[in-house]
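For reference, the chain that follows is the form predicted alone, supplied as structure tokens.
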Amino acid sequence: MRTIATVCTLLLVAKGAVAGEDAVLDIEGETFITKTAAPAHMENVDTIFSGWVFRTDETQALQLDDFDNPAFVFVDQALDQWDTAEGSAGKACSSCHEDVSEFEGLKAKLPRVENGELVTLTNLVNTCVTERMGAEEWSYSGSKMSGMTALIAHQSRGMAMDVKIDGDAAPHWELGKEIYYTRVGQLQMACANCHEDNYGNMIRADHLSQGQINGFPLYRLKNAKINTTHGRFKGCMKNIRATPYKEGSAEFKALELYVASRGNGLSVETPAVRN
């Protein structure tokens, strides 16, 4: 009970101005949208902010220059993997795709429904790995997958998130919304308690953000590697002492769709840098 009380006390600090709200994210002469009107489907928030604006000046600066951005070490490794053949077919990504730039715009539209199933970028990559290369599927948040999805998502950097939530996507989106607002775990908290009710507040010497995923996969200073969306979802659920869904599960994919839609209009930043 003392732990729960401590958490609640931390979260109930009066919300002030958003940290870095007026900061400008400009990379190689391109200015990114880090603040814009909330999508029409959001009922409790008027303005959405990229997680970048909540970071310290030092962390923000790492993302302003690709040379300083530590994520590009892993993106470069993925470029090598792009040309590496594996599996019974002896194929590499480059065997079928002339250049990774052909995936421009893909990240901004994912997750999406294909043949009645909600698919993520990871699903698309693993389909190629297993069906075209004849190899064992890559771990959902493993180093090869996180690097490759960061490389592919990077091709959409600067484009506005524009995830479809109607039609075939609607039931998945509704499930994701339900998960987002449902209190779970020993601390009986929901995603919304931190990222909707308390963004901008301080917790554990850091600002809570709105939990936007327009920069994922991204580099975290905390663990010095590329982090995936489902990996972050898993970490959040552990923090509130809940049993996480499996990475790649229908629940996490639905939650990814819902959270991605909350960022519609923000620029893709992959690979972003966060604490």
Ligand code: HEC
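If you're wondering where the values come from, they're calculated on a predicted model, not measured in any experiment. Note that residue numbering follows the sequence shown and begins at 1.
Omitted from view is the form predicted in complex with the named molecule, to which the following refers.
Residue-level contacts in the predicted complex: of 145, 163, 75, 189, one residue has a heavy atom within 4.5 Å of the named molecule, and it is 189. When the named molecule is considered in the predicted complex, residue 232 lines it closely, a heavy atom lying within 4.5 Å. For residue 48, no non-hydrogen atom is located within 4.5 Å of the named molecule in the predicted complex, even though that partner is not displayed. The named molecule is not drawn, but in the predicted complex it has no heavy atom within 4.5 Å of residue 42.
Remark: residue 221 does not count among the residues lining the named molecule in the predicted complex, judged by a heavy atom distance of 4.5 Å or less. Figure note: of the listed segments 155 to 163, 198 to 206, 111 to 119, 136 to 144, the one touching the named molecule in the predicted complex, with heavy atoms no more than 4.5 Å away, is 198 to 206. Shown here without the named molecule, the chain has 255, 259, 274 in 250 to 275 lying with a heavy atom within 4.5 Å of that partner in the predicted complex.
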